[in-house]
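Here's a solo chain for you in structure tokens, the form predicted on its own.
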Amino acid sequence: MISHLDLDAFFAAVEELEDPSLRGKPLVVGGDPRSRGVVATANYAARHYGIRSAMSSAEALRRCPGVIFVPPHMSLYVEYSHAVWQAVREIIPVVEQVGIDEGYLDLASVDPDPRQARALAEAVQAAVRAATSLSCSLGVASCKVVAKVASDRRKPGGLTVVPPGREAAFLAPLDVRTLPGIGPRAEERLRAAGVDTVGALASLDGATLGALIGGKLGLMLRDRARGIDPRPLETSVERISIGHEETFERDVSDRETLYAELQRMAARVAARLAVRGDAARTVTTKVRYQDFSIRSRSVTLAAGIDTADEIAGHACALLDRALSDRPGALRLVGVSVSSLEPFRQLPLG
């Protein structure tokens, strides 16, 4: 049994712990709405107004004029993240951490009896709350994809257990967009064909999948829709790169909006570097155009960098290079870092 753990509105929850006067008020962690800022995280009071991650801060302010904006404090979030995962590993030693605020836990490494899964997950939730006062939501299932979907069912602070053999039945009634791997373009094609639920996707034949999504990807998504996901936890594989990317609902050509997106992603990348204690010597910006063609531009530095500002500065310069070579509106932008090395603090004096 595998559990997916997701910290609830993590950045915003940390800000509320540090400043209790913010509790219960609509709160956005992100950029200034007057300078094309982007929402990194919204608390649940703000989500009530339809505010969500990756939305422009200006749109968030329009939806909720009283919303409070707080700039990200990444070093603070890293401290809380360290405390969370230390508490988790004291109960479940086999963990794949996939971000500063989420990861997979191998519950069977502690007790292979599926009947003990709920008790183990509840123990993890209690340990995280005791160590940090943060809440987390967990999903438990026989594979990663079902566990991840389940963790989002009862937020915040929820726990959903999908018993072995019930994976397909659990997924079937859910909206097709719920399934990890279904992006906006795939969703559009599936809905046009009348495929609105995960169950409907699970029932498609190979030829239809190939026509709608593509053969290899389609078969993989159909397996996941059936609750089949053989991926193991990656507990010892060294990641050679760290990155984030965003597919836009509408093509974007405004340069300042693209810069803001890259700055938001750079902050997430820097947080993950900090968790690892690494710096990176290579920065890459990836873009996808309206015709789905992809271009990437990279720079390799003499010394490693690890701050959001440094990563964002190089990422934006690389975006300029890509758009200089080929102008046009973009469907996607992303930033990643590689050539990782342990961060070494230079001695003073």
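Keep in mind the model is a prediction, meaning the values are calculated, not measured. Rigid core here is just the name for the largest C-alpha set that superposes within 1.5 Å across the two forms. We number the residues from 1 along the sequence you see.
The same protein also exists as the form predicted in complex with the DNA; that form is not shown, yet it is the one meant from here on.
Only one of Ala200, Ile182, Val275, Val161 comes within 4.5 Å of the DNA in the predicted bound form through a heavy atom, and that residue is Ile182. Here the chain stands by itself, but in the predicted bound form one stretch of 162-170, 213-221, 138-146, 119-127, 213-221, has heavy atoms within 4.5 Å of the DNA. Within 4.5 Å of any heavy atom of the DNA in the predicted bound form lies no heavy atom of Ala303.
Although the partner is absent here, Leu17 sits far enough away that none of its heavy atoms falls within 4.5 Å of the DNA in the predicted bound form.
Using a 4.5 angstroms threshold between heavy atoms, Val299 counts as touching the DNA in the predicted bound form. In the predicted bound form, no heavy atom of Pro114 sits within 4.5 Å of the DNA. Using a 4.5 Å heavy atom cutoff, none of Ser21, His73 and Glu79 lies near the DNA in the predicted bound form.
Contacts with the DNA in the predicted bound form, taken as any heavy atom within 4.5 Å, map within 74-108 to Asp101, Glu102. Once both forms are fitted on their rigid core, the CA atom of Leu319 lies 2 Å or more apart between the shown form and the other one. The Cα shift for Glu245 between the shown form and the other one, taken after rigid core superposition, is 2 angstroms or larger. Relative to the superposed core, Arg47 undergoes a Cα shift smaller than 2 Å between the shown form and the other one. Relative to this form, in the predicted bound form the C-alpha atoms of Pro72 and Arg331 approach one another by 3 angstroms or more. In the predicted bound form, the CA atoms of Arg191 and Arg250 sit farther apart than in the displayed form, by at least 3 angstroms.
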